[in-house]
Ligand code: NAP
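First, one chain by itself: the form predicted alone, in structure tokens.
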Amino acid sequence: MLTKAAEAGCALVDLEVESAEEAKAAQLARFKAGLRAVGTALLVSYHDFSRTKGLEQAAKRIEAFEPDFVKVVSTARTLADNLAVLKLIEDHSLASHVVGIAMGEEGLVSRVLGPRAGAAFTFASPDDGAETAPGQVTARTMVELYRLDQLDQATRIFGVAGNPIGHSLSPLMHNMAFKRESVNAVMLPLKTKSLDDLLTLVRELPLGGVAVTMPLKQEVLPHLANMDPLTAKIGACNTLRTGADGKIYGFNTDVAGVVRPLEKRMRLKGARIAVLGAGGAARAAVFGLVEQGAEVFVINRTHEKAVALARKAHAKSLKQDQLAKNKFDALINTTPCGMAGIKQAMPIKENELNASLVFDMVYNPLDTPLLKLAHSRGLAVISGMEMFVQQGARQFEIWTGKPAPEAEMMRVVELALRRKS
């Protein structure tokens, strides 16, 4: 079959190493001679569908047959597995045409960075739904999103880490920003189940910075060489930057995501602001707004949690049944109510919407039930998309030292969200 493929014009054929080992010497010699006669290259491959281990031994098994290309494929169970694949590529790329890939969502790093490490090529699917292996992405994604053909040794690598992470719009937003500002950098989604795994990749790849999601925002704090004051106060860090000294520094840009959109529309000092919820997103909003001099009221279905957050942030707490009796300059929803897939659509009753401006941190869908209600009342609104972009813009500034192209970041995120809806 492979000989016929070569005669039909295939430039390269892939023979699994087990088949090469089972073939008789004379049979294999005739096969290789036939390929040479029609100018087809021979690639001998090894695949491990369960783990990443013994890559060097696999490469040696393949090299014994003196093929034109050596292909070693494993399965990534951790982010650190990518390091083993990239090391194999670096070690063998000078002596042979080598291809190395770790399959699975955790192995995307190896797919994108393999050619940068010296791999002859990488694999991608021609279209969505046409993948030939777990974790494979489309050729369009490789070229347009990750700019595969432009990556070199000077390219700085960033990531957004969590589990799940495939839905994240951060790679799209940041990669478009890097392209717009001619920054030689790329952001990759990093699926990880443990902080130790992420930190191994940060230190050994190394990574220039990482956007981290829950629960890593709290777990990473003891590993930081230093952190900004807001991170220390809030007790959560969503942005890591690796310094020239190799140490990891922490920042919280979730606060900027709340403060910046509001600053554009009102004077925060002395403003009365109601915050619905008492979780991680609420902490960033409450601490950040109190620091700006706002009078902040925390409202939560479990009132004790609202009281606890208010005490820590020097804010005030308000029982849900008191909401309708008060007026506010702004009301911020930090709960998941209204998010796609969440059954409870409204975080408050219609008669409790006593604010001049409504800010919903939920950004999928773009037009949440709460924002639709505010629109119908003629109130000013801020969508969660604006918060997402503003926190990302602050990350871009921390990582690059350049002003963020906010309009471009907003444009690509809005387009992606509208396509999803």
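A quick note: this is a predicted structure, and the numbers were derived from the prediction, not measured. Note that residue numbering follows the sequence shown and begins at 1.
Omitted here: the form predicted together with the named molecule. The next part is about that form.
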Please tell me whether any heavy atom belonging to Gly384 falls inside 4.5 Å of a heavy atom of the named molecule, as the geometry stands in the predicted bound form. yes
Contact of Met339 with the named molecule in the predicted bound form (heavy atom, 4.5 Å): yes
Ala393, heavy atom within 4.5 angstroms of the named molecule in the predicted bound form: no
Is there a heavy atom of Ile101 no more than 4.5 Å from a heavy atom of the named molecule in the predicted bound form? no
Answer option from Pro261, Gly280, Gly235, Gly118, heavy atom within 4.5 Å of the named molecule in the predicted bound form: Gly280
Quick check on this chain: which one of Asn351, Gln150, Gln322, Gln344 has a heavy atom within 4.5 Å of the named molecule in the predicted bound form? Gln344
Whether Ala124, Thr141 and Phe178 jointly form a contact site for the named molecule in the predicted bound form is the question; each needs a heavy atom within 4.5 Å. no
Can you say which of 194-202, 109-117, 88-96, 293-301 gets within 4.5 Å of the named molecule in the predicted bound form, counting heavy atoms only? 293-301
Contacts with the named molecule in the predicted bound form, stretch 360-389 (heavy atom within 4.5 Å): Met361, Val362, Tyr363, Gly384, Met387, Phe388
